[in-house]
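Here's a solo chain for you in structure tokens, the form predicted alone.
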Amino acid sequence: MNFPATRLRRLRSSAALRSLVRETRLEPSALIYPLFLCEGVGVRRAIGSMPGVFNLSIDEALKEVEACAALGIGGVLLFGVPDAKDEEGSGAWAEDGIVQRGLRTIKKSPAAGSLVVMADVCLCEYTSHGHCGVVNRVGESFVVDNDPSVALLAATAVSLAQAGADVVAPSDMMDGRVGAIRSALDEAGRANTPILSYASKFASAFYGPFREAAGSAPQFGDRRTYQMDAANLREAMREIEQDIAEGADMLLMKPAMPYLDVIREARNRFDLPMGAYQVSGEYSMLHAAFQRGWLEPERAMLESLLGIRRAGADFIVTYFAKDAAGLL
């Protein structure tokens, strides 16, 4: 029917009515909080480009885990900031690596029982060159060698699962890494450890602040030979299909805001649980606007998260997790 018989504003007349008919909802349990673990005790080192985000020693990270549990947040995603790095990134799979020790400590806490404790699987935080795999240099040029890198990533995933990770999350974008990780986990007696694959990860300008947080900026070149071209939606679907075929249990789309169309297309095509990563650049640019009074912080924060959920993400990795959960 047409106006005036049909008046869509009727269902917007009160907060209670708007809540009743709301199509998309945000809940703390759908939020994942990233944590950057570093060496030391009592360390809470501010990250200049990411207001409110810190490099945390394990004891300080444990406090954040307890706060997340109290807020009803769904989980945490752990990244390592090691003191020492080498060409292969051996700290990524070391039994006494920073994330491995963090996992063992966190999993002993009662707070961890209500959280999904995820561990990022990549080499970039641990390599002296900052790339996500093994680098072969030829004169002035270089290549990130896919297959040797996959073997190291598989070893990293096993090490993290054995240390207590509920979920391992490969973010490197090497071809075949999900299948190799699945096989390695199964052979190590970790057949029940799920893989959250960064199945569609683009070579994005929005990662800049993260590289400060994790100390993972490439020392030469860039990551465009392994992370995806920002222009390619169809290729993103091929990446996802391949990861599903190799045994991915969940999908993670990264970044979120500039790639909402990719999230929606993936949601339309695939039935796996799917998250999106609201990356550091998205967080930092919103904070820059907040500091200048250009945007209302609470409304803009929640609206940005709601847009990601509306596009099709079941859960969101976000540095806003604690602030948003407190409001929700």
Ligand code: PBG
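Predicted model, so just to flag it, every value in this text is computed and none were measured. All residue numbers are counted from 1 along the displayed sequence.
What comes next is about the form predicted in complex with the ligand, which does not appear here.
Student: To verify the annotation, which of these, Arg101, Arg223, Arg182, His129, has a non-hydrogen atom within 4.5 Å of the ligand in the predicted bound form?
Tutor: Here the answer is residue option Arg223.
Student: With the cut-off set at 4.5 Å between non-hydrogen atoms, does Lys107 touch the ligand in the predicted bound form?
Tutor: No, no contact at 4.5 Å.
Student: Taking the ligand as it sits in the predicted bound form, is Arg238 near enough to touch it, meaning that at least one heavy atom pair lies within 4.5 angstroms?
Tutor: So Arg238 does not count as contacting the ligand.
Student: Is Gln162 near the ligand? Define near as a heavy atom within 4.5 Å, in the predicted bound form.
Tutor: Although the ligand is absent here, Gln162 would stay clear of it in the predicted bound form, with no heavy atoms inside 4.5 Å.
Student: Does any heavy atom of Trp93 come within 4.5 Å of a heavy atom of the ligand in the predicted bound form?
Tutor: The answer is no: Trp93 has no heavy atom within 4.5 Å of the ligand.
Student: Counting only non-hydrogen atoms, choose the one of 185 to 193, 205 to 213, 242 to 250, 84 to 92 that falls within 4.5 Å of the ligand in the predicted bound form.
Tutor: Only one stretch passes the 4.5 Å heavy-atom test: 205 to 213.
Student: Taking the ligand in the predicted bound form, which residues along 306 to 328 bring a heavy atom to within 4.5 Å of it?
Tutor: Heavy-atom contacts to the ligand in the predicted bound form: only Tyr319.
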